[in-house]
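Okay, here we've got a single chain as structure tokens, the form predicted on its own, with questions on binding and movement later.
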Amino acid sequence: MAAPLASRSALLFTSLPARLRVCCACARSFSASRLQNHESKEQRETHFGFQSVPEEEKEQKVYEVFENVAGSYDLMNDTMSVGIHRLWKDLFMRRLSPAPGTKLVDVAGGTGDIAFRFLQFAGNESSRPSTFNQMPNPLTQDFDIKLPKEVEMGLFVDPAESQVDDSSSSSSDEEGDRLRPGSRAATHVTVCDINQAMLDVGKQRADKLGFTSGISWVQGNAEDLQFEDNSFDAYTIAFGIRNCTNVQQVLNEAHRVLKPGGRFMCLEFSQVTNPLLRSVYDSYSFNVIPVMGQVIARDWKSYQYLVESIRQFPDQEEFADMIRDSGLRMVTYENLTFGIAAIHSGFKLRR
């Protein structure tokens, strides 16, 4: 009687030279490992609002959401925050307080809200709106952060760029103009967003507002930035990081592209700490915002997702720990409007 197939395969395997048997065993082990890793990758899921979706699908789904809302993005923010987001962003820029000559990357900043505030604040002190100089602060839990002098002095301007050559009067005058408050020459913001539709809206707004220099627009992924290490004095991301698939990777990239002494700042919807207020806020978020989205923008699903994404984002303390895990230090956060939003801050310290 013929031997069973499995037995014949075993006999054939044992009849091979020892070295060849080892190679075959390694090949089988490698194939099994690849198959296991492939299956694991396929099974990795993340949240898209309250849905569970494969990681590779979330980026496209988020892209579609913001492609749909790009034209009404400011209106969407007004709807979700009852207009308070404008005050939050003004305060966000005051907390950053960029000096002339600062090089900023604003990630997920497609429509330019943060970039325009930055250029107005750092590039032309005299033309800052009153909200930068005398903004009342009834909506925030305010505090001042005292920084070590050596950190404070090196936050935003590269020492190599701030040196003036006394041997040349013309270059000295030019450098003086460049660093003098009111000069926009060296102040620059790079707006990076994965969604081209959002960037297009930002460019149109820039033209209307007269921001024709000191700003560039780059389509890119926050989880894999195309910039060199140690490129920027400051990194900002406002109402964008919760939409990323891998938040920790976004933070790691922020640390990588910051110069030593540079500052990371994030403005994001967060968790209301008071139970009574949280109940009222949840009721408004789930019962009113999607309806307004349908009425105003004819888009219920996108607004529903945005509400759900806020609830899936880590709370203030957990997010602060994630920032520390990226290598950033001196991490703090400030609650805005009872924790509806929060400003997180961290520094890439000099070694």
Partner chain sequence: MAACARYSLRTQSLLRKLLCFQTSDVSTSRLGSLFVHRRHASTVNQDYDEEQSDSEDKTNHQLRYDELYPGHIPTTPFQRGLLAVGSAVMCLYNPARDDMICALGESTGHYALKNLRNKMEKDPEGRLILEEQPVINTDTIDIDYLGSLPEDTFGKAYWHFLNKHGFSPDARLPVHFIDDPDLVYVMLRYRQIHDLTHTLLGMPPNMLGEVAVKWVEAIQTGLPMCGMAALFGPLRLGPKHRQKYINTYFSWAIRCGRNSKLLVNVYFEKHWEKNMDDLRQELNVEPAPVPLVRTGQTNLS
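These figures come from a predicted structure and were not determined experimentally. Positions refer to the first chain, counted from 1.
Separately, the form predicted in complex with its partner chain exists; it is not shown, and the next lines address it.
Partner contact for R44 in the predicted complex: its partner chain, 4.5 angstroms, heavy atom: Taking the distances in the predicted complex, the answer for R44 is no, it never comes within 4.5 Å of its partner chain.
Exercise: R311 in contact with its partner chain in the predicted complex, heavy atom 4.5 Å: Within the cut-off, so yes.
S279, heavy atom within 4.5 angstroms of its partner chain in the predicted complex: Yes, S279 lies within 4.5 Å of its partner chain in the predicted complex.
Partner contact for Q304 in the predicted complex: its partner chain, 4.5 angstroms, heavy atom: Yes, contact at 4.5 Å.
Segment that reaches its partner chain in the predicted complex - one of 99-107, 270-278, 244-252, 224-232, heavy atoms within 4.5 Å: Partner-contacting stretch among the options: 270-278.
Its partner chain in the predicted complex - contacting residues of 291-307, heavy atom within 4.5 Å: If the 4.5 Å heavy-atom criterion is applied to its partner chain in the predicted complex, 291-307 yields V291, Q294, V295, I296, R298, W300, K301, Q304.
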